[in-house]
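The chain below stands alone and is given as structure tokens, in the form predicted alone.
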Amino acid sequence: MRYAYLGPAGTFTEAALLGVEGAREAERVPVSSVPVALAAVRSGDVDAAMVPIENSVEGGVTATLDAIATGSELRIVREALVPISFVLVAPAGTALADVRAVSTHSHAWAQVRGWMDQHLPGADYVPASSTAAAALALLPGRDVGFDAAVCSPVVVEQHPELEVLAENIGDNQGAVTRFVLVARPDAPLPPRTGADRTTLVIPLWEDRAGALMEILEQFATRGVNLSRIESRPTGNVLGEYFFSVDVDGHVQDARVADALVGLRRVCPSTRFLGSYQRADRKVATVARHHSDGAFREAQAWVAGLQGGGPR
């Protein structure tokens, strides 16, 4: 197996990938961005890619939501949750008072803004492709336009030549990022466990009053809970959007399957991105009249009516 991940080594994405069985022994390919990682899956250069999709502080990772919603289809086969802890690092001998510019990934910067405003109010922000890339740019022999970087503590463990100026600088100490392992659409569908998630891309096919309500009704009337819904521009025309949606349940659950049938009728371009076990193993609460048994009973009753059988 070959896995792509947002590199270089030491990123939170690599930490998520290392939690996959067999990933430590497999070939791991660091790449520069989420679109590059997903392109490698589509081309067959790698078997799967680990990418961030949602953060408890910043919400959806737009680069992933957009890249997975367009182009040839992909499948999410697994998810992972990684607690996020940040440190501020710099070359040895650097004092906090010497820092004039700090580099990190945009999502990391958003999660340490409060700390920065309090301790380094005048520091400039320099965007980086990843937290690890920002830190590694500070290694001896490299000339960069910043003095410090925000990264994972793992980077410092791997590169002791970097000095930690401050630890636990995140504004939210309970921050968590959700990552997904993405493969090609012919990947086996993960089995239903009872603690599952299904991810969909639903284009808003018509800009009119009630269009979104018509989408939501497909889930609400069948007792399918939406755990995440975000709108994203398609990039084609101003005002044209799609919805990235996570629902509780598996496509093999009767309520979810029936909702997808209804959704497909009203929006034929709906994209199924996968059903997979939740990383937190949280079992969905389902009312009796939305259970698989209730759906089977109702379908059998209608079949009897259609066939002229007992009513």
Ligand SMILES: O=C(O)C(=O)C[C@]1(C(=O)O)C=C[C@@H](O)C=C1
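Start at 1 and count along the sequence shown; that's the residue number. Please read these numbers as outputs of a predicted model, since none were measured by experiment.
Not pictured, yet referred to below: the form predicted in complex with the ligand.
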Have a look at Leu88, Ala108, Val180, Leu200 for me and say which one sits with a heavy atom within 4.5 Å of the ligand in the predicted bound form. Ala108
So the ligand isn't shown here. In the predicted bound form, which residue out of Ile84, Leu136, Val77, Leu165 has a non-hydrogen atom within 4.5 Å of it? Ile84
Is Thr270 part of the interface with the ligand in the predicted bound form - any heavy atom within 4.5 Å? no
If you check in the predicted bound form, is Asn55 within 4.5 Å of the ligand, heavy atoms only? yes
The ligand contact at Leu6 in the predicted bound form, heavy atom, 4.5 Å: yes
Could you confirm whether Ser103 comes within 4.5 Å of the ligand in the predicted bound form, counting heavy atoms only? no
So if I measure heavy atom distances to the ligand in the predicted bound form, which of the stretches 124-132, 223-231, 236-244, 184-192 falls within 4.5 Å? 124-132
Could you run down 1-38 and flag each residue that has a heavy atom within 4.5 Å of the ligand in the predicted bound form? Leu6, Thr11, Phe12, Thr13
